[in-house]
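We begin with a single chain expressed as structure tokens, specifically the form predicted on its own.
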């Protein structure tokens, strides 16, 4: 894709995001669609997220436990492991699962509606597809991402705790005490904010690629693949920005 085409596509996506933001305040509110989408996204995301978070927490605990043992700082294993899961791993796992499971389903659904000309029919009837279909999906993805991030954090921290105490011979008291010494409420809040932004980004990209799909069923499949790849790229870039702002704004304990 050439440079002008990339800029044109970026402009269209930005305008799509503005239209979605404007549709948040419009009436009527699509409560039924929102509930259905929230239930669907959560049903396809809860089990994969929980299963993925266990090895994530275990690997972080094992790697950090080995590193801090070499540095002679075993007492800080708990703080390092929990902060890594709550601030970074939890939102990332949540975003990847929602983008891969929920986002692909959103893109496929809207793409199939596009090639069947259902979206054009809605516009002919005076119904805004963005306000009717996209806004409930974006809100549902944001809500599920925030709730799922809490589940992933709990499961990941529990997995890291068990692996550190059982496999590495750590003491439960030191694990918890170090986190209490260095952890703070903004660490949890920034994780939830990340999950909220990641959920919105995943739903917006999936919805945009689905509503602009063309070329029949093959075009829908290509749009799903593109939405997942673009979402992953956007999530890591957004994660860097939010983390950099957080460390500049929030003073860290112990520093």
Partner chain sequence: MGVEVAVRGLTKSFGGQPVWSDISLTLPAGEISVLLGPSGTGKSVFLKTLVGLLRPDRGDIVIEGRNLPRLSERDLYEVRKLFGVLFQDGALFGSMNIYDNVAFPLREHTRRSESEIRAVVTEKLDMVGLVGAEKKLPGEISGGMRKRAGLARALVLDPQIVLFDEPDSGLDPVRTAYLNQLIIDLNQRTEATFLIVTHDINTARTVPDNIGLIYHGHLAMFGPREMLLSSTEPVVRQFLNAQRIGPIGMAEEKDAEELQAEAQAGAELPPLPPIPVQLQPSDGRRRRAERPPGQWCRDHGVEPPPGSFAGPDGQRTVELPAFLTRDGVPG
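Computed from a prediction, not measured in an experiment: that's the story for all the values here. Positions refer to the first chain, counted from 1.
From this point on, the text means the form predicted in complex with its partner chain, which you will not see here.
Participant: Could you tell me if all three of 118, 122 and 129 have a heavy atom no more than 4.5 Å from its partner chain in the model of the complex?
Facilitator: All of them do, each having a heavy atom within 4.5 Å of the partner.
Participant: With the cut-off set at 4.5 Å between non-hydrogen atoms, does residue 87 touch its partner chain in the model of the complex?
Facilitator: Looking in the model of the complex, residue contacts with its partner chain do not include residue 87, since no heavy atom lies within 4.5 Å.
Participant: Among 96-104, 156-164, 109-117, 79-87, mark the stretch whose residues have heavy atoms within 4.5 Å of its partner chain in the model of the complex.
Facilitator: Looking at the other structure, the answer is 109-117.
Participant: Scan 15-40 and note down the residues that get a heavy atom within 4.5 Å of its partner chain in the model of the complex; none is a fine answer too.
Facilitator: The stretch 15-40, when checked against its partner chain in the model of the complex, contributes only 26 at the 4.5 Å heavy-atom cut-off.
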